[in-house]
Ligand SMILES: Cc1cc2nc3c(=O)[nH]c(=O)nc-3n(C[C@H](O)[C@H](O)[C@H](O)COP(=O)(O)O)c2cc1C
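Have a look below at one chain only, the form predicted alone, in structure tokens format.
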């Protein structure tokens, strides 16, 4: 059996995990957010599919890899979905897996629509469609490599450049990540539907009189912003009110909400 552990805020990584799983035999998909803080013994072939955040792995994924025992796994792979480039993510995953008793056999990076609304607007529909189509082709190639247990290093930008990007951006992000929700604000457009609380993978959002309140355990997946049906959540100091929202067309709000278990 192959187990694919996944984490996703707007659905890009879940869509990739599903596409890879769909062409392999005897696969199960396990959301990382459903596992809690306990140690995890991983058996059989396994992969991790997740986004890149500021040139590194999301904190929830990093902490998952820090508490697993993968010493008995024959084959391990990492797939990261990226809006720009993969930075240090593959090397970070490789280093964490070594500590878990397993060498990373293959690493892949897949270009998908960038959803970091704090920094940029969302791609137009035609550009999104092209990225989705290319990602599907890439998923088929990755699945063939995984089925054949191919070994791929997967650091297309080079280790020195990836490390520099991570050292200047990723470490700062990781240090401040969970408190960045203090910048989130809710406008009067809020309809008190509760979608934001449902999609938060780490239960960081409490509804108070129907409106979200964040509790500083944020992963910065921005699911609450992108899945709000009326775009009522903004980021203080950023022009997010003028920017579009995004989620993968093949992933539903319920799919994202279900990852908490």
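Positions refer to the first chain, counted from 1. These numbers come from a predicted model, not from an experiment.
Same protein, other form: the form predicted together with the ligand, not shown, and the subject of what follows.
- Residue 84 is the only one of 74, 84, 179, 101 with a heavy atom lying within 4.5 Å of the ligand in the predicted bound form.
- Heavy atoms within 4.5 Å of the ligand in the predicted bound form map, among the stretches 142 to 150, 76 to 84, 127 to 135, 90 to 98, onto 76 to 84 alone.
- Using a 4.5 Å cutoff between non-hydrogen atoms, residue 105 does not count as a contact of the ligand in the predicted bound form.
- Taking non-hydrogen atoms only, residue 30 never approaches the ligand to within 4.5 angstroms in the predicted bound form.
- Using a 4.5 angstroms limit between non-hydrogen atoms, residue 53 touches the ligand in the predicted bound form.
- By the criterion of a heavy atom within 4.5 Å, residue 222 is counted among the residues contacting the ligand in the predicted bound form.
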